[in-house]
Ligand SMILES: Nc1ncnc2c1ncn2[C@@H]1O[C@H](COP(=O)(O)OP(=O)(O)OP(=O)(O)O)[C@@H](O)[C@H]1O
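The chain below stands alone, shown as structure tokens; this is the form predicted alone.
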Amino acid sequence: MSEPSLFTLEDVYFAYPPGQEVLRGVNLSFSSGQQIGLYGSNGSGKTTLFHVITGLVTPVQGRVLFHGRPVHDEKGFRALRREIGLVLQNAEDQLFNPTVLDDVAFGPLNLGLSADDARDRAVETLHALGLTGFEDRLTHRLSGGEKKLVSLATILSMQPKVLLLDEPTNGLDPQTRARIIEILCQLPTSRIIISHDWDFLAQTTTEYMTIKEGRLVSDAPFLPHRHVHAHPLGDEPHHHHD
């Protein structure tokens, strides 16, 4: 028996004014355990797809189903967002409280946890991400890498069943990038990751999709790489022979 879908997109179309169509008949059935790497050219509709899934924009045609039931209104999408966490591309868009602890506890509070339980959940999440001691740090004074980790913590503290990550390695230093890979590899959480970083996707996802001409398709990416080889002549001028 196949795994039931957590969410489904059925024949979704979306266009930005004045009629710039970016999604054309998108279908996606996402089940627990899937780890999808989503790539494609800038402006192809990848971020828009995440916004449709989470109800931040409304498709002009088609529908979103959550546990098999159509989602029609904000109440339905609020329930969906309790299980599907979106980590935005720009970490600063996700951080709006004065301190790290306030930001990471905000989600659990909205889930109905008491102030004490939300604080405990936030502290536990920060510890799991190697951010113990960050509780009283001012979010606007964090480095770019620290903000990215804290923005991830704000979603993980809600213990979602699915993570949607939008370009999580953009502009990151190698150390933070490696830390995010380590965190994701330790998480059993189902996920879809938008990224142009092929090596990152190879380490954190198990299948690939792309958006081509507005449609979502399964597609193994062509991964460019370098061949390194040595010559006995070193850097002296020499000829290659077939």
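Residue numbers run from 1 along the displayed sequence. The model shown is predicted, which means the values in this text are computed figures rather than measured ones.
This protein has a second form, the form predicted in complex with this ligand, left out of what is shown; the following refers to that one.
Undergrad: Counting only non-hydrogen atoms, which stretch in 44 to 52, 178 to 186, 200 to 208, 59 to 67 is within 4.5 Å of this ligand in the predicted bound form?
TA: Heavy-atom contact with the partner occurs in 44 to 52.
Undergrad: Taking a heavy atom within 4.5 Å as contact, would all three of V22, S143 and E167 count as contacting this ligand in the predicted bound form?
TA: Judged in the predicted bound form, V22, S143 and E167 all sit within 4.5 Å of this ligand.
Undergrad: Flag Y16 as yes or no: does it have a non-hydrogen atom within 4.5 angstroms of any non-hydrogen atom of this ligand in the predicted bound form?
TA: Yes - in the predicted bound form, heavy atoms of Y16 and this ligand come within 4.5 Å of each other.
Undergrad: Please tell me whether any heavy atom belonging to H196 falls inside 4.5 Å of a heavy atom of this ligand, as the geometry stands in the predicted bound form.
TA: Output for H196 is yes: heavy atoms within 4.5 Å of this ligand.
Undergrad: Whether Q94 contacts this ligand in the predicted bound form should be assessed with a 4.5 Å heavy atom distance threshold; does it?
TA: Result no; Q94 lies far from this ligand in the predicted bound form.
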